[in-house]
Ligand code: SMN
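Before any questions on how it binds or moves, here is one chain, the form predicted alone, in C-alpha cells.
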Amino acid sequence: MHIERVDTRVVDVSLPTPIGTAIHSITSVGCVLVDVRTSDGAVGQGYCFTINGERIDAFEAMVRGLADAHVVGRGATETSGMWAAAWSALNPTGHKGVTIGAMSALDVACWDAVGKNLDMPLHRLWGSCRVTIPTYASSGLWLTQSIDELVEEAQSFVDRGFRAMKIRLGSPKPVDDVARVQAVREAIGPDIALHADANQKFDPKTAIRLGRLLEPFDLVWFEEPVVTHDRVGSADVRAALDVPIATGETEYTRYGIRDLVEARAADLLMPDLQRMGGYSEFRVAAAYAATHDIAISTHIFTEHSLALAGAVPGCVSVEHMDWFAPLFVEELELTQHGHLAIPDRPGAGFTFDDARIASMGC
C-alpha cells in the first residue's frame, strides 16, 4: 500500500456566536483539510487550522509542499520515515508554526489511512488502555459573557451530561474574575469539576494573587496563567499556589514539552495535536511526560485526540471543543458519567462530511 496522491481543501468554519478570550476574538476557524489517498483505495484524513482563517493559504502551501516532497509515493505505513524526512528538510525554515502544523495534518491523515487499511481503530493498533476518557465542556463560559450568561450556560452543560467544564479568566480587575468563578461554582454545585483558563493574560505576581483568591472554589487547574514563553514565571506561579498549573498547548514538539518539564513549569501538560506535529510526535512527547510522572490532557482537536487518549495511559482528560464538529459525519458520544467514548471505528474513527463541507463553500 503506497500513497498515490494528497488532496487539500480549504474551508472556513463559522462559529455560532463570536467569542472572546483574554487574547483572542474569534468568529471562525479556517481549516486545511487533507485527504491522503492510497493505492488500495483507503483515504486517510487530517486537518490543520488557523483562528479566523488568518494565513490559511500559507498552511495549505506548506502541506502541499511537504506532501509532494516526502509523502506521495511512499508506503502508507512509513509514518516515522516520512516524519523524520520532513523534520530534516524543515531545518532551514524552522520547527515551529506553519511547518509543524502542516506536518501534523499529513501525519494524522497517514495514520488514519493505516488504520483504515487494517480495519483497526488507531488506539487498538497502538495498544488500547481505555474505552472512555473524562472530558470537560470547553465550548463556552467565555470572557465576553456576562455573569448571568455564564450561569445559564454552565447549567446547560450540566443538563447535557457534562461533569466538568472550563471558564475563561482575564478581566482587568482580579475581583471580577473571582465573581465570575464564584457565580459558576454556586450554579453547578461542588460535585461538578471546574477548570479555569487565563489564556496567558497575567504577569506572575498578578497570577499568584488571583490564584490565591480562587483557591476557595476548588479548581481542577489554573491554565496558562502567564505568557507561554515565560517558563520561569509559570514555575514561580506553580510554586506559590496549591491549585495545579496546566500549560503546554502553545508548545511545539517534544522539545517544547521537555523545556516545560525541565523548568518545573507545570503540574499537568496540555499538548496540542497540531503543534506537536501529529500522532507520531505527540506519542513521543506523551512518553517523555510519562517518564516524569506528569499527566497530560489533550488540547482541542477533540475528535482526532480520542485515538491518543485511548492509547496513552497518562492522559487524564480530553477537551470537549465543538468548533470542528461540522466537519465530520460522526458525532462525539458523551457517556452518562461525563466521559467521551473512544470510537471503535477504523483509523481515527471520524470522516469528513463532504456534503456539508461543500455547502460551506469549500
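Position 1 is the first residue in the sequence shown; the rest follow in order. The shown structure was predicted, so the numbers you read here are calculated from the model rather than taken from an experiment.
What comes next is about the form predicted together with (S)-mandelic acid (SMN), which does not appear here.
- Between (S)-mandelic acid (SMN) and the residues 197, 251, 281, 112, the one pair within 4.5 Å by heavy atoms in the model of the complex involves 197.
- Scanning 42, 321, 334, 294 against (S)-mandelic acid (SMN) in the model of the complex with a 4.5 Å heavy atom cut-off leaves one residue, 321.
- (S)-mandelic acid (SMN) is not drawn, but in the model of the complex it has a heavy atom within 4.5 Å of residue 24.
- Looking at residue 51, you'd find a heavy atom of it within 4.5 angstroms of (S)-mandelic acid (SMN) in the model of the complex.
- For the chain shown alone, residue 300 is a contact residue for (S)-mandelic acid (SMN) in the model of the complex, at least one non-hydrogen atom being within 4.5 angstroms.
- Among heavy atoms of residue 177, none comes within 4.5 Å of (S)-mandelic acid (SMN) in the model of the complex.
- Note on the interface: of 321 to 329, 60 to 68, 33 to 41, 307 to 315, the segment with non-hydrogen atoms within 4.5 angstroms of (S)-mandelic acid (SMN) in the model of the complex is 321 to 329.
- In the model of the complex, no residue of the candidate spot (9, 47 and 107) has a heavy atom lying within 4.5 Å of (S)-mandelic acid (SMN).
- Residues are counted as partner-facing when one of their heavy atoms sits within 4.5 Å of (S)-mandelic acid (SMN) in the model of the complex; in 142 to 174 these are 142, 166, 168, in sequence order.
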